[in-house]
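Next up: just one chain, as structure tokens, the form predicted alone.
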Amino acid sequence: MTTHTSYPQSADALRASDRTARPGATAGQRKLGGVAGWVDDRTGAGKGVGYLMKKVFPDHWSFMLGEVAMYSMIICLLTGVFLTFWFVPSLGHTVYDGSYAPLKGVGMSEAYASTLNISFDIRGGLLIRQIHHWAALMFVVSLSVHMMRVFFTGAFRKPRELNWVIGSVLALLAAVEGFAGYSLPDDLLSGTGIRAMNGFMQSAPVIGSYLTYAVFGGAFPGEAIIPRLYSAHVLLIPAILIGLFTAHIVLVAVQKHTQFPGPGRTNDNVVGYPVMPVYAAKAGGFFFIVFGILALMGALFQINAIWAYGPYDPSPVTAGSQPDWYMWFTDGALRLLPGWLEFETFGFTWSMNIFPGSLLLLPLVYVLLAIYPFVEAWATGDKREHHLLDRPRNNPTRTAIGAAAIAAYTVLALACTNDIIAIKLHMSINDITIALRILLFVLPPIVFWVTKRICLALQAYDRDTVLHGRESGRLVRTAEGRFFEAHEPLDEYTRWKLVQQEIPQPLELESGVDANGVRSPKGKHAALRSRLSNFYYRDRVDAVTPSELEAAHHDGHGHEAIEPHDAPASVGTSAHATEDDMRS
């Protein structure tokens, strides 16, 4: 029990707002409270900070994927600041005279020479470079997996569509930021990538040559591209990323956090831990775990060994060169496009054998990602707020769409390595390219159909488990000499997860005409919406209703015999089970 002690004061020193000090507070706590009060008096931040500190977050491992992305970005920023102290973003010519003997006396750009200097002559420079590169890859992969978790669980639904759009822009900017970063050292590999970028921009219809002259400041390679990429990499794109990340986190804090279904979890509450002290302590510890893993990777696993490639020279091209993994699908699409797509009209060359894969595909993918929540909401007609997540199996069409997209990405990623596959497996690169072109159109529909069938089968299994109970593996003999397997009933917590989902019904197509027989101008849109709704929800397995569950426990005909937990092992609850019941 806490007691409050009042301290005597003179009457003229008393004020109505005076508060007695807590007897247990230490001098440090009182000073900290004084500083917090001083800041609050001048900023008014106390109310907002108090709200955030009391914010409840659910406890599930998949929610940490977004935190991995945030921590990786922070590590990129910290290590990037270190690298800026010594990196020289210039294409000015110099002769290398550093510690790496094989390149001594070789002419190169100042950017490449400074990168070698960071790697071999700055204490800890190579470690920081490699941590920076690994953190960048971790940032992109964790952001991608986080978006997959959000997509497959339906966390993008109302009221979180805007946050999904922000995440899509973040993913696109992360890919662009990564490309700008690994282009800076001006080694043979990154220089080849910049040369490819120049060609890609030239493939833009009509404006291609003007675009490349504007970006490069003249003819390729010029001397402006590295300083411009450097400004974009360390200033422009990081500022946008930080702003979008802040907006993303603020929206997560303002809106209720999504949670997986379970007993006691509804659309009106959040079951978890408050930020202070539990979640903050866990998040802080997790940050150092991520930092430690990236430090180990930077120390033990070599990445981007630029000294092995040498300085950039337009004449040679590194054999087997590929971009980082998140750009594989664009390079793969470029390799799969046939050459006969190029044509000329009105004196202009239309490089449709290059332009769609090089410049159009990357933004198109993220635009489709950004608008998907609105397409699904329009098709289903669902305007409600959703704070409970879907199990992927309970939305088979959405899950199948995601799986088909992953299959298409996999084919394009394999196409990016078609030359290496041909060399390692001693196969014809033309045959591999033709096979991958066919797979790009055949594999995604097959994956869609198989995934949807699997989801429906899992739904049917869940329904059967709820109605019939869990298979116990014990055979029970009835008084008539018949045998059946006794099923154990599910506990209420397990059963909750299997029956809580809503299975929407397809929208019905209206006649499209009014009482006077006049056709509605929105008739075509209604027909399209009805077809999309049927595409999503025509094939479904309805969740078990309470009446069906009650019938399953009391009707032995047509249902498996469910043995209660407290019944003897040799006695079934349905002694009058038929042969059909036992065979099922």
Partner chain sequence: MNSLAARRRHPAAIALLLLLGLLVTGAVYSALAPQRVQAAAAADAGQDAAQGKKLFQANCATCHGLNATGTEDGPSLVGVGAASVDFQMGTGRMPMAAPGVQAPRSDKIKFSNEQIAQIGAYVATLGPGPSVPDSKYTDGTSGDAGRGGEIFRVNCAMCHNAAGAGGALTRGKYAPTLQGVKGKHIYEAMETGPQSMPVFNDSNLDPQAKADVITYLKSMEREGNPGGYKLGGLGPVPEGLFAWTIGLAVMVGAAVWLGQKGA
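Quantities reported herein were computed from a predicted structural model and do not represent experimental measurements. Residue numbers count along the first chain shown, from 1.
A second form of this protein, the form predicted in complex with the partner chain, is not displayed here; the remarks below concern that form.
Non-hydrogen atoms within 4.5 angstroms of the partner chain in the predicted complex: do F329, T465 and S530 all have one?
Spot residues vs the partner chain: no contact at all.
Taking the partner as it appears in the predicted complex, which of 129 to 137, 240 to 248, 450 to 458, 167 to 175 has residues with heavy atoms within 4.5 Å of the partner chain?
It is the stretch 129 to 137.
Give me the residue from I74, I371, I429, L236 that has a heavy atom within 4.5 Å of the partner chain in the predicted complex.
Exactly one residue meets the criterion: I429.
Taking the partner chain in the predicted complex as the reference, which of L361, L162, I446, I420 has a non-hydrogen atom within 4.5 Å?
Checked against the cut-off, the match is I420.
Taking any heavy atom pair closer than or equal to 4.5 Å as contact, tell me whether R149 reaches the partner chain in the predicted complex.
Contact with the partner chain, no.
With heavy atoms only and a cut-off of 4.5 Å, decide whether A232 touches the partner chain in the predicted complex.
No, A232 stays farther than 4.5 Å from the partner chain in the predicted complex.
Going by a heavy atom distance of 4.5 Å, is W38 a contact of the partner chain in the predicted complex?
So W38 does not count as contacting the partner chain.
With the partner left out of view, is Y309 within 4.5 angstroms of the partner chain in the predicted complex by any non-hydrogen atom?
Looking in the predicted complex, residue contacts with the partner chain include Y309, since a heavy atom lies within 4.5 Å.
For 288 to 309: residues with a non-hydrogen atom within 4.5 angstroms of the partner chain in the predicted complex?
Contacting residues: I289, V290, I293, L294, M297, G298, A299, L300, F301, Q302, I303, N304, W307, A308, Y309.
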